[in-house]
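Consider the single chain below, provided in structure tokens and representing the form predicted alone.
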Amino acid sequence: MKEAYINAKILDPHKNKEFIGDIIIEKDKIIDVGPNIHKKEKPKNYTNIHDCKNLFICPGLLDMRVSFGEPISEHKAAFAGGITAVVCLPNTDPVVDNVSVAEYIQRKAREVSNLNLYTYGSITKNFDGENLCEMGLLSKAGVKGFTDATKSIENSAVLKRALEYSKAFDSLVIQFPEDKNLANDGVMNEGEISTRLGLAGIPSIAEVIIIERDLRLVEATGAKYHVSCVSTAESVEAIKNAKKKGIKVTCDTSPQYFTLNEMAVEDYRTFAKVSPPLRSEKDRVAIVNGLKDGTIDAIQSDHMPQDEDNKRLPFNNAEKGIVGLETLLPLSLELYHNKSLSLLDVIKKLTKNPADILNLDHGTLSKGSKADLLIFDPNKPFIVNVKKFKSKSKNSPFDKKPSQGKVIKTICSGEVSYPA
């Protein structure tokens, strides 16, 4: 039997359309979408008719950078965040550097939840930065790109070979750009605040130096290349110029880099310790502008759960990373509320754009596509409360932050996955 979601404000990023209408789903598929569809049939033809007046429907969000550790351990948090598909970093235990681990993660995911879970493979074995993985075999096993997670490939010859192999398999190399020698033992952005706090800083050039080196190699090989976690003005400018030259580069950022700056770590707030570090206000504004002009293609959560005990340590010793699945939508919607982006453009950066980058069948409401939907109210106010998070970890700098934009319902493969 069919279910109808009617009178909704529908955001279709694939067709670049916003309209009032209905979505009809049957089992796990969208079978029709458009204005007043449900009126063409008798009510008894539907199992349920849901009136979505004043609510928006869009494709379920696709989060292209998460760390889960144990496969699928955070699926409830993903659904609570309106996310129906995630791509996991290969920094599991063991590392996804061979076919058996990749197949295990995908099999385990199917057993535990209907969340669409994909994984990247590592570029080098056990992230050693030197010995390439069997990229061809991993591609056939279904990995969606190659990255050494939170480590840059420093060896130019290794990265060049990785780009050449990835091109042969029509895959994607994803770089986390940070020169480890410049970053050294830094724990926050280098500048006046790091000096005042007496903390070792990471200069912003540590990011752009890797990107500019990589772009030369991408231009030489013609491979597809993606920069993750862009956080500086210089990086945005370098990527913008490369795109103008026709180089095959895409990039993403995370909400903390357009909603916070380095001031968030004053008083040694370890819950704002992230990698790359929160940058200057000039950099934050540049990230917003990069999202506005299309230089930055996608927004991802960089969800990285940490044990609370590992966060409540002296700043130098605390772990990096924050949870982000459940705040991805409301933080991204700040770009809409402050008139930096249209609502449809925000949704594109959370759905269609990452799907296009990774060549995944998501981010669309077309007939016959999977019934992965997000129903939300972009204007509903609330206070972020980490105690209510579905995530097993609560390491977020956004606790008690006034926000706008609530997930009302998450539908994955035709099933209501949130609220459960």
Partner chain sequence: MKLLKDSKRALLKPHLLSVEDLSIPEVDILLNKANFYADANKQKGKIEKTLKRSTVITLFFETSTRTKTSFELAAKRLGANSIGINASASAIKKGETLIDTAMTLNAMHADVLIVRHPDSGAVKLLSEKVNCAVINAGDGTHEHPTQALLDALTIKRNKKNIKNLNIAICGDVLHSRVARSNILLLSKLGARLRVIAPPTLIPKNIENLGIEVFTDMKKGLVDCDIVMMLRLQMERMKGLYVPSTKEYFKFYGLDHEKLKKAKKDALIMHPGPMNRGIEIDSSLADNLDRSLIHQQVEMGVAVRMACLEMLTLGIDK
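Quick caveat, the model's predicted, so the values are computed rather than measured. Numbering follows the first chain given and starts at 1.
Keep in mind that the form predicted in complex with the partner chain is missing from the display, and what follows is about it.
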Next on the checklist: Please determine whether each residue of 97, 100 and 167 possesses a non-hydrogen atom within 4.5 angstroms of the partner chain in the predicted complex.
Outcome noted: no
Checklist entry - Looking at 190, 214, 178, 297, which is the one with a non-hydrogen atom within 4.5 Å of the partner chain in the predicted complex? => result 190
Checklist outcome for this item: the partner chain in the predicted complex has a heavy atom of only one listed residue within 4.5 Å, and of 126, 317, 342, 155 that residue is 317
Checklist entry - Might residue 199 be said to contact the partner chain in the predicted complex, defining contact as any heavy atom within 4.5 Å? => result yes
Next on the checklist: Residue-level question: is residue 104 within 4.5 Å of the partner chain in the predicted complex, judged on heavy atoms?
Outcome noted: no
Next on the checklist: Please determine whether residue 312 contacts the partner chain in the predicted complex, using a 4.5 Å cut-off between heavy atoms.
Outcome noted: yes
Item to check | the partner chain contact in the predicted complex: residue 130, any heavy atom under 4.5 Å | outcome: no
Checklist outcome for this item: Only one of 330-338, 159-167, 139-147, 265-273 sits within 4.5 Å of the partner chain in the predicted complex by heavy atom distance, namely 265-273
